[in-house]
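Only one chain is included here, represented as structure tokens and corresponding to the form predicted alone.
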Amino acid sequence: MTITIDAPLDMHLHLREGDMLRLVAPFSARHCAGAVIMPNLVDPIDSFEKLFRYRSEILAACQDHCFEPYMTLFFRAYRRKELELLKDHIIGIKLYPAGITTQSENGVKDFDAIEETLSLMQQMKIPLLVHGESNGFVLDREREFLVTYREIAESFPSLHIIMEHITTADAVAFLDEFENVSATITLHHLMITLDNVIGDLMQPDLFCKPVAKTPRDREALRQAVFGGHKKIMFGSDSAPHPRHKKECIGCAAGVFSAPVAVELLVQLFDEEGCLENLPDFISANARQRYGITPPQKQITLSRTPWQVPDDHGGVRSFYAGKTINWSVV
């Protein structure tokens, strides 16, 4: 049995920089026609010069593949002239609450001070991508941030808001309240709960932000995704870290899923008996919600098992050492 997918897309991807970028970018580029690139580098991508330098580095790392990096800017107070210069070269602007995740120290501290930039984005039809967590108790952070999502969605009804990597049943329910709100869901949040991370021995490779939640939350995500919800897009949130950053005191947050994402998604949809809904989740929904036309690219997978390597150049991937039942032809 085989399945062919037109223009797979990853709508939330971390490629890092330098040697790490050169190592991990080809894992996404070999299968995906394009990906939305996160801007939270050590020096955040928040200017014309930084954006084009970073895009050039990504294209150089992916030169052997047909791959479109959809670039984003790190949220700050932008002037109209800046956005007029940049709007045709970005897919959106990514908002991080300050300090909420990796390299987000320069994120938003005062949400009352962002309305001018949001107004410009709405006028110019620039989507707003959001890491939606408060600074509260870790399991409540996403639910608490729904208040902020509601305020933005009501105040800016023509602004396309993407709730990134949602993990809760509450977020899934919220998605249907506003036409201008979309969401991405990761592979790993479809598969794991907090019990997988800390229920027995701590599993640092499964620690991410937002943290995996409860079985009830996971089931809500799975029902929405496998049921073919048209406002939900695949975003891996693949976030590599070297071993010394994962196996240490103060473990870094991030799950590196790029080497296995497409194959495991096919396996999941196959197991659920809904392979017909996979193309929408991994491509068509994103094309419709963002209004993009990705490069022409097809991948075909067959039901052929393979074992995931334990290591990828010093970075351990999701599902390392385990067998996946589907492989790319």
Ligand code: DOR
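These numbers were taken from a predicted model, which means no experiment stands behind them. One-based numbering along the sequence shown.
Omitted here: the form predicted together with the named molecule. The next part is about that form.
In the predicted bound form, no residue of the candidate spot (184, 222 and 289) has a heavy atom lying within 4.5 Å of the named molecule. Shown alone here, residue 212 lies farther than 4.5 Å from the named molecule in the predicted bound form, counting heavy atoms only.
With a 4.5 Å cutoff on heavy atoms, residue 101 counts as touching the named molecule in the predicted bound form.
Contact annotation: residue 237 falls within 4.5 Å of the named molecule in the predicted bound form, judged by heavy atom distances. In the predicted bound form, no heavy atom of residue 316 sits within 4.5 Å of the named molecule.
This chain is displayed alone, yet in the predicted bound form one of 131, 141, 160, 218 has a heavy atom within 4.5 Å of the named molecule; that residue is 131. Of the residues 86, 153, 208, 91, just one reaches the named molecule in the predicted bound form with a heavy atom at 4.5 Å or closer; this is 208.
Of the candidate stretches 119 to 127, 250 to 258, 105 to 113, 174 to 182, only 250 to 258 contains residues with a heavy atom within 4.5 Å of the named molecule in the predicted bound form. Residues of 34 to 61 that come within 4.5 Å of the named molecule in the predicted bound form, judged by any heavy atom, reduce to 40 alone.
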